[in-house]
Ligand code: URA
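In the block that follows, a single chain appears as structure tokens, in the form predicted alone.
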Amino acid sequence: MSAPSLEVDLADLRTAASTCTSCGLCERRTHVVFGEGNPASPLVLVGEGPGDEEDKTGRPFVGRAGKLLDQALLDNGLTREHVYICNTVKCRAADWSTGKPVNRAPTDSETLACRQWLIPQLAAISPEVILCIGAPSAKNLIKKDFKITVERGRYFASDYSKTILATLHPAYILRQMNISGDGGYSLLVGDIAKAWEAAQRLREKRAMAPLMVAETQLGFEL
């Protein structure tokens, strides 16, 4: 798929998602938070869903957790222009029972409804590697019983990329920082490094594949 076609496909998908009414989250949202970054990147970061700041701006990971994620990317020599960032759910999930919204986890039905946008989004980008940010994303895209404290950083097979792994959510790390140490920040930095290295290696391998086929057809191998 060429880059112009990819951009058009994602733009069309974004436009369609912006008017989605497939679940009740549409009733209170300010913006659909579709995703941002480099759609030609070999690495896609997938979180759970937008919070208050994301709902206000229409951009993923822009609150305190987002700033920590940006720093973790920067510690690897990366910015948002090097990767693509999105969420499994595109609208903010909040409890409005007290009159003041409080972030909550999306329900199974809300998550399921949003797969109509997430799965085509990942298919359009066709990344080499997906890095799930937090356990909910990993349970959505890797396996339902994913255990983040035991299985983070491990490679898994995926229908949406060559391989997929998960890391700690920056919001979790911020909470843990108040208790002791770096809260797991070094693990986040290391997992991003691992995912980026794998993505680069897999992209290089894909680029070499046509040459290897040609060499073989000519009677010799690289």
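If you're wondering where the values come from, they're calculated on a predicted model, not measured in any experiment. Start at 1 and count along the sequence shown; that's the residue number.
FYI, the form predicted together with the ligand isn't displayed, but the following is about it.
- The ligand in the model of the complex comes within 4.5 Å of no heavy atom belonging to Pro42.
- Put simply, Glu54 is close to the ligand in the model of the complex: some heavy atom of it is within 4.5 Å.
- Shown alone here, Glu48 lies within 4.5 Å of the ligand in the model of the complex, counting heavy atoms only.
- Heavy atoms within 4.5 Å of the ligand in the model of the complex map, among the stretches 172-180, 58-66, 189-197, 156-164, onto 58-66 alone.
- Contacts with the ligand in the model of the complex, taken as any heavy atom within 4.5 Å, map within 79-96 to Asn87 alone.
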